[in-house]
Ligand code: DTR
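Only one chain is shown below, in structure tokens, and it's the form predicted alone.
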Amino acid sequence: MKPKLALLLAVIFLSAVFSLCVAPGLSQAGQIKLSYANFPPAPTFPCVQMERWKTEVEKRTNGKVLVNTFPGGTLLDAKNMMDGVIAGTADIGCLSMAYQPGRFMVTNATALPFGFPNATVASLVLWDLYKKYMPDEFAKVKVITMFASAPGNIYAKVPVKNLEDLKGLQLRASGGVADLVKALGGTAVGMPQSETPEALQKGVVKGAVSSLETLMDFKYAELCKYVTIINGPIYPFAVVMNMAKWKSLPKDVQKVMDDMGTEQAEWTGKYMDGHVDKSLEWSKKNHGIEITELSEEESANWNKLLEPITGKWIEDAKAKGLPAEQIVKDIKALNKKYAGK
């Protein structure tokens, strides 16, 4: 065989082998890559749910979709999340609607003091409320899912068993939680979560109102030995996608994501509630915290003081042309429905 012919045959053979071995991998060039921005640190529950969603979408699309996650505000921060997704800075973003209460009027109604028993119930109520009203503020994005934090409860250096105990008590609180503390006669002190441990040590505040996973995550149980269950306000979250990006996705990929909406809301709520339970057990075992649950009579007294908060929201919502009374009725009915389960 002539050298040139032998060389040509060798090239053809190697090309065939290369095609057989490498071609399957080349199909990854057509993979759909999505960026997903989140603002809190990676270990927190909004980011845990983000990683779970990423894993499930990649699995259920058989690798057709690859989701790159950006926790800790590395791509978009909390206040710019919605507009950043609309602009396409990130394909997907997780936002806390409480950061812009006037912008997300309908969904933020769930942050009123409705007494949600846990994050699972609150998350399902929030998702159903969104699906019923489809608020205009989400018209420029595709809403992937919604979920809520666990309800805020009191933990303090001193026992809080009635309104008299709460009177004037300085508690770290923010947003709707601050309104609750003020309505009940306490003193709400605004500050970032990161500054609260030092403020507790120095006596700037005597406690806080927050979801109870922070007893363990921020080691507040070392300083605050008394917990009072009030099932206060929750913080609602939404996961949204750039509309142009959503419309560009194949129908089968869209179906995977649509089918996960309720499932992801419930999964996140259950994860949050499990973390709260773990935190309480850790706090009792390691720091001997005392948990107080209000009597029915005492709880009724507290709720009466909180009614004006919801009344004020109704006034504001009606001024914006929203069916405020019906929204409140729906939230109460959904709370009863899911809490009953």
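By rigid core we mean the largest C-alpha set that fits within 1.5 Å across both forms. From 1 onward, residues are counted along the sequence shown. Being a predicted model, the structure only gives us computed values, none of them experimental.
The same protein has a further form, the form predicted in complex with the ligand, not shown here; the description that follows concerns it.
task = Answer for N153 alone: is it within 4.5 Å of the ligand in the model of the complex, judged on heavy atom distances?
result = Answer no; every heavy atom of N153 is more than 4.5 Å from the ligand in the model of the complex.
key: Residue contact check: T44 to the ligand in the model of the complex, 4.5 Å heavy atom   = Yes, T44 sits close enough to the ligand in the model of the complex that at least one of its heavy atoms falls within 4.5 Å.
query = Is the gap between S211 and the ligand in the model of the complex 4.5 Å or less for some heavy atom pair?
reply = Although the ligand is absent here, S211 would touch it in the model of the complex, with heavy atoms inside 4.5 Å.
task = Mark Q193 yes when one of its heavy atoms lies within 4.5 Å of a heavy atom of the ligand in the model of the complex, and no otherwise.
result = Answer yes; at least one heavy atom of Q193 falls within 4.5 Å of the ligand in the model of the complex.
query = In terms of non-hydrogen atoms within 4.5 angstroms, which of the given stretches 93-101, 221-229, 162-170, 246-254 touches the ligand in the model of the complex?
reply = Residues of 93-101 come within 4.5 Å of the partner.
query = Exactly one of W313, W53, Y36, F39 has a non-hydrogen atom within 4.5 Å of the ligand in the model of the complex; which residue is it?
reply = Contact with the ligand in the model of the complex is made by F39 alone.
Those residues of 122-158 which, in the model of the complex, come within 4.5 Å of the ligand by heavy atom = Result: S149 alone.
ask   = After fitting the rigid core, is the C-alpha of V209 off by 2 Å or more between this form and the one not shown?
value = Yes; V209 is a residue whose C-alpha shifts (by 2 Å or more) between this form and the one not shown when the cores are overlaid.
inquiry  = Superposing on the rigid core, is the Cα displacement of M241 between this form and the one not shown 2 Å or more?
reply    = No, its C-alpha moves less than 2 Å.
query = When you overlay the rigid core, is the Cα of P113 off by 2 Å or more between this form and the one not shown?
reply = Comparing forms between this form and the one not shown, the P113 CA shifts below 2 Å.
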